Each structure stands twice: as C-alpha cells, then as structure tokens.
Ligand code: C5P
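Read the single chain below, which is given as structure tokens and is the form predicted alone.
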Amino acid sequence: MSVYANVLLVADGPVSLRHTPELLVALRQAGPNVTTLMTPSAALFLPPLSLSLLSGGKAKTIAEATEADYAAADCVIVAPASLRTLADMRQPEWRERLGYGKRPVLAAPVLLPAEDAQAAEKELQELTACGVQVLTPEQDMSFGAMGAVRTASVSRCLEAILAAVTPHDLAGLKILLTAGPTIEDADPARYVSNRSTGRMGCALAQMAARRGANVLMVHGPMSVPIPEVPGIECVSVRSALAMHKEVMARANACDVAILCAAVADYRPVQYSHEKIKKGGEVDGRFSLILQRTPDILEAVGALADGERPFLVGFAAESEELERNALEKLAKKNCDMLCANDISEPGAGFAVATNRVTVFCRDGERIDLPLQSKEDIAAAILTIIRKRLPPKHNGKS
C-alpha cells in the first residue's frame, strides 16, 4: 500500500552507516517522499549522493538544510539518534526547527555498550515529555569495533512513520480479528488443517492498527510473521475449539469482529496419544472419523443485540461465489461478507495478492480488483468505517 506523505529523516552518528540506507529503501518502497539530513557525525560516514540515490529524494547536511526542508515535512524522524543529539533535541532551536506540536516527531535512540543505562533512560523520559515519540531500542546490532549497539529496528521505525502519517479514522475502535488456519490433531504426528498462511489476517491487523484501532488478533499457527506493531494484541491458539472459546469470551466487548481465519470445518473424533501405525487397513484404506467443529462466525452472529459486534465474515469459494456468499451472509447474520475465488490465480492461499467481492447486508456489492493483500485490507477497513453504526463506534 503506497503512503503519500513528506518525511524528513535526520540521520545521526556512525550507526547510520547500517541503519539509514536500509530505512531509506524501505521508505521508498512504502511510498513517502523522503528528504534526508545528516548530522556532522553521520556525514563522516555517508555521502549525500548515495542517500539521494537510495531514497529518490534530497539528501544534505543539517548545515545545508533550509526552512523549506523543515516546513514541507508531514513527519520528522531522527534515526538513529545518539544520546548527545537527543539532548540537543530538547533545546529551543531544535524544538522550533523540528516543529514539536505541529507534526509527529519521532526519535530512535541508539545506545552504545559503554553508555549509562540510567542516564539514557532519563534522557528518553525528558524527550518524551517534550512531545517526541521515542522508539525504545529493542534490537541488538553488531557494529564492528564499537561492539553491540541497541536501537529500534528498521521495520519498527518504518511502521511508526507510516502510522504517524496515516489518518487515524479508526481511533477508539476495538477490533476482534481471527487469522490463520486451525490445526485439529489426530495423533502426535498428524493433523487436519488447510492451506491458509494467515497473510490476509496479518494485513488487516496491521492496517487497522496503523489507522488507530486497538486490535485483538486471535490466530492459529501462522506461516507468515505476525506484525510487531503497537496496537495489536495477540492470542495464539491451535484448534477450532480453542479459537471459539477465545472469540466468544471477547466478542461482546468489541466494536467490530472480522473473522478472517480459515477455521477447519472438521476435527478427528478421537485423538490417539500414540502415533497411528500402518497396518490394519482394509484394501489399503484407512478411515479417520471426523466431526464438525463449532461455527465461530455463526456463534458471533447469534449474539443478542447490544452484545453482537459489527460482524464481517470471509468466504473462500471455488464455485458459485455470489450464491454461496449471499447464503452465508444471511445464514450467519453478518453485516458484511468478503468472498474470494481461491481457484483464481493470485487470489487464493499462500500468495501476496487477492481479489475480493464485498457483499453487504443491505444488498450492496463492492468488487475490489486484484491487488496486494495490504491494499485489500485497507479497502475493507474503509468500507467498515463507512458502514459502522454509531452504537459500535467505540465501546466503553
């Protein structure tokens, strides 16, 4: 999903030699226009031309920066930032230049092995009190003779920037989201499951949190990394029974429930604590007796008024998409149902794209073209925002 904004990146210190180029590449892929400024210490290690080539935008030293460079920024991030620069950021000249209170200002401190942890913590607290969003160092980075330094990862910096420049039109909403497959164990080695990776659910969670929602993601075993994004709380489960339990315990406290998980429809009737051995088959055939798992979407749809969240279901179909989707929409008492044809190239499991048709309770149909799952997620959330009744707009 391309984000259109002007970002001012201030790079500081020798650690920028590794951190800044990677962050610039990530920002260019995400879409913002980036102007890069370098402190004197960063300029010793990074030629401006190389940064300009990576970002596609301007790169210069702080001494060369103009008022227009600062004024054009929708967001400012100082990353990486030494403790000395963090102290400078509390001074009136920096506060005025970076525009505290006028736009989001972020800082990603870098802590060296020899630096006093208590002094660093005091510096970070004082900077936070000035209104700067401090990205607490969480990643150790080996940096040659300097040893292991600690700073916020590039992915964390990128997500913080994108969240800062994205309108928070979902702020205050509590969204319950299910994602991934469930696994129904038959014995210690075998199970019943499906091809879901959890990518669509992760995209929905990330986009919702970026737009200000508080997301509770109940997920099965995932094949893709779960977004490490503020605003997402995760509950890990394995089976359909466990997912049903967690969802039903939380559904009535949420404004929106987006049930995106590919829950296994059947589970083995009996679990064997020992691996089922070969032998005893009839004509080489082995039978595994299955029973239905609880229908989570139907259970949430059956909640009483006042307890039932705005309900969004998903349907992965391989034939008669519209008929099956409309039947599911009505039967499960959904407000919206997002259906995709898993037989279509680029719209099934384990791919980065999707093509979705959204069916609404009032009969409206919205066709979303083939695009990235992040873009699909953003479009679905926009439809939810437009259709969400006032009673669901931020439960207390």
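Residue indices: 1-based, along the sequence shown. Predicted, not measured: the structure shown is a model, and the values here were computed from it.
Although it is not shown, the form predicted in complex with the ligand is what the next lines describe.
K.L.:
Taking 4.5 angstroms as the heavy atom distance cut-off, pick the stretch from 145-153, 252-260, 100-108, 212-220 that is near the ligand in the predicted complex.
P.N.:
So the stretch in question is 252-260.
K.L.:
So in the predicted complex, does Pro294 come within 4.5 Å of the ligand, heavy atom to heavy atom?
P.N.:
Yes.
K.L.:
Can you tell me if Lys58 lies within 4.5 angstroms of the ligand in the predicted complex, counting non-hydrogen atoms only?
P.N.:
Outside the cut-off, so no.
K.L.:
Please run the contact check for Gly313 against the ligand in the predicted complex: heavy atoms, 4.5 angstroms, yes or no?
P.N.:
It does: once the ligand is placed as it appears in the predicted complex, Gly313 has a heavy atom within 4.5 Å of it.
K.L.:
Quick check on Glu322: any heavy atom within 4.5 Å of the ligand in the predicted complex?
P.N.:
Flag for Glu322 set to no.
K.L.:
Hey, with the ligand in the predicted complex, do Asp185, Arg195 and Arg267 all fall inside the 4.5 Å heavy atom range?
P.N.:
No, the whole trio is out of contact, none within 4.5 Å by any heavy atom.
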